[in-house]
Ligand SMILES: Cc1cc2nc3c(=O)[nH]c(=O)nc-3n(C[C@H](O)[C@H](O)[C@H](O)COP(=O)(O)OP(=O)(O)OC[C@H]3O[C@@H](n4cnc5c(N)ncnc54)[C@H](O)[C@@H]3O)c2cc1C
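Below you will find one chain, with nothing else, as structure tokens; this is the form predicted on its own, and questions on how it binds or moves follow later.
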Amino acid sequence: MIRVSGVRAELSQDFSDLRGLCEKRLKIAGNDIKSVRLARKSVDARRKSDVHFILSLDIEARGEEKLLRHLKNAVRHEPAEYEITPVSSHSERPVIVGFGPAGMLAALVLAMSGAKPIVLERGADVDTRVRSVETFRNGGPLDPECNVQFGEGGAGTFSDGKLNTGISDGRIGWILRRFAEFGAPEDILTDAKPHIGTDRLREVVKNLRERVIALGGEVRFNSKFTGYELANGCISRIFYTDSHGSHAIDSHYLILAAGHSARDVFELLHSKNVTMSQKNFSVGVRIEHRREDIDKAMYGGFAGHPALKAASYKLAVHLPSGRSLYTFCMCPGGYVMAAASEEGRLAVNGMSCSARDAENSNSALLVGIGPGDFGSSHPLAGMYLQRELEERAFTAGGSDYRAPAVTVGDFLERRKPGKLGKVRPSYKPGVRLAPPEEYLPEFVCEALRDGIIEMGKKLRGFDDPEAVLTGIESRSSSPVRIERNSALESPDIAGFYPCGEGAGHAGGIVSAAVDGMKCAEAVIAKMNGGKV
């Protein structure tokens, strides 16, 4: 099989006729083609007068060696295989804390190995969680244990379900195939910027959970990890609480995939002298534009073409101050979500459903900060700074979980927030007009001002005076790293595997899922003969 990249296709391309496309574009005789499969599809919108697709095709044909010599961008390609090693007979069951992307894939791999994992998830199942989140968005109380951050599927369940990643790993294809098997749209296997959408992701999460259970695993909801016990420097017992009281599980294997908002877990580990370190993270706001305006800016006259989805963008600028501003987790046709997980503190995130057809498009607009900005050498100083900024945002919003918002025009001109324009904020339970200076450090505000103007030069209308900035976006990544060694274990505790985004070893759904698989593989290896 060969893979040919860079194949042009018009927006009107009939994807059921890839054989015909190969004959036309690649000049391969039809009777030489045994099979052809779409491997990747992206939109080339660099020239607004000529928007089209760029494809990668996997082709089986006669005379492949000749094709390799004569076709541009053709390479030999063999699909990657991923095999799960079975565990030998073992009485102990590994424990996973957290059922977000890292915990889910760790559980799936362990269940498929025969290890019968036990998952402890502090939040509720996804259906209950949806009801809790909607109650909060409609002005009801915040549930600190079941919200946008905590519960089945993790924080990613209430995002866009974006599956693009900056890492390269052979496990990624396997992960995408499992998501498709569990209900994600098939185009995640080929789109250059794959996404599932929050609405469909909920079904994927449930189906994955049912597969883990069918293979002998358990998922215990509303079960909060509270600590552990050691024997000879190794995990020996894991403690948790639920509505029935306190419980213990005897096990020498603990994968901690608690997520980037499990602040009480970070404090617990620090109190036990687990090696942790400060880590860079980012803070900022969500910027909202009308979806149709972003579509026009990205696609020009092709905006609205039935073959094109709602447009996404990715922008970054380096500023004279030495700071940078970048967009993150862009949600076309989506909503700004209430993402708080602690009472008296406010945070926002972005979410899109699979159709991406909401009135606005939004993105995080972030400035990186690091240990030099934390004001302390304490390992949790970044987390404490997050909390402080979220408390300020809560106050700026009116102390009732409304979010502080301002138009780009008022912000850039340093005017007292006046009134909103054509962009209607999507955040619920509502917004209060307030400038970012009320909750963000001055250097972040200045980076936002300078950067928005520069981004407006890259994407027409990005600096639209009527666009809306809503804050605070503070949960883009973990502010700490729980250290681990080459065996993926904590250097302090044998059998303890800090995992995923919360532990500072991943960023985003796919990279967290890959890390969960790696930790599961490490546990399997240890169960099959490693020393405990």
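Remember, predicted model here, so these are calculated numbers, not experimental data. The numbering used is simple: start at 1 and walk along the sequence shown.
Keep in mind that the form predicted together with the named molecule is missing from the display, and what follows is about it.
Of the options Gly333, Gly123, Gly451, Pro436, which one has a non-hydrogen atom that comes within 4.5 Å of the named molecule in the predicted bound form? For this set of options, the contacting one is Gly123.
Heavy atom within 4.5 Å of the named molecule in the predicted bound form - the one residue of Leu176, Val265, Ala74, Met455 that qualifies: Looking at the other structure, the residue within range turns out to be Val265.
Pick from 302 to 310, 436 to 444, 149 to 157, 166 to 174: which stretch has a heavy atom within 4.5 Å of the named molecule in the predicted bound form? Heavy-atom contact with the partner occurs in 149 to 157.
Check whether Gly502 has any heavy atom within 4.5 Å of a heavy atom of the named molecule in the predicted bound form, and answer yes or no. Gly502: contacts the named molecule in the predicted bound form.
Verify the contact flag for Ala393: yes if a non-hydrogen atom of it lies within 4.5 Å of a non-hydrogen atom of the named molecule in the predicted bound form, no if not. Flag for Ala393 set to no.
Can you tell me if Arg209 lies within 4.5 angstroms of the named molecule in the predicted bound form, counting non-hydrogen atoms only? No - in the predicted bound form, heavy atoms of Arg209 and the named molecule never come within 4.5 Å of each other.
Do Tyr326 and the named molecule share at least one heavy atom pair within 4.5 Å in the predicted bound form? No, no contact at 4.5 Å.
Candidate spot His260, Asn349 and Ile509, all three touching the named molecule in the predicted bound form (heavy atom, 4.5 Å): Result yes, every residue of the spot touches the named molecule.
Across 17 to 51, which residues bring a heavy atom to within 4.5 Å of the named molecule in the predicted bound form? Contacts from 17 to 51: none.
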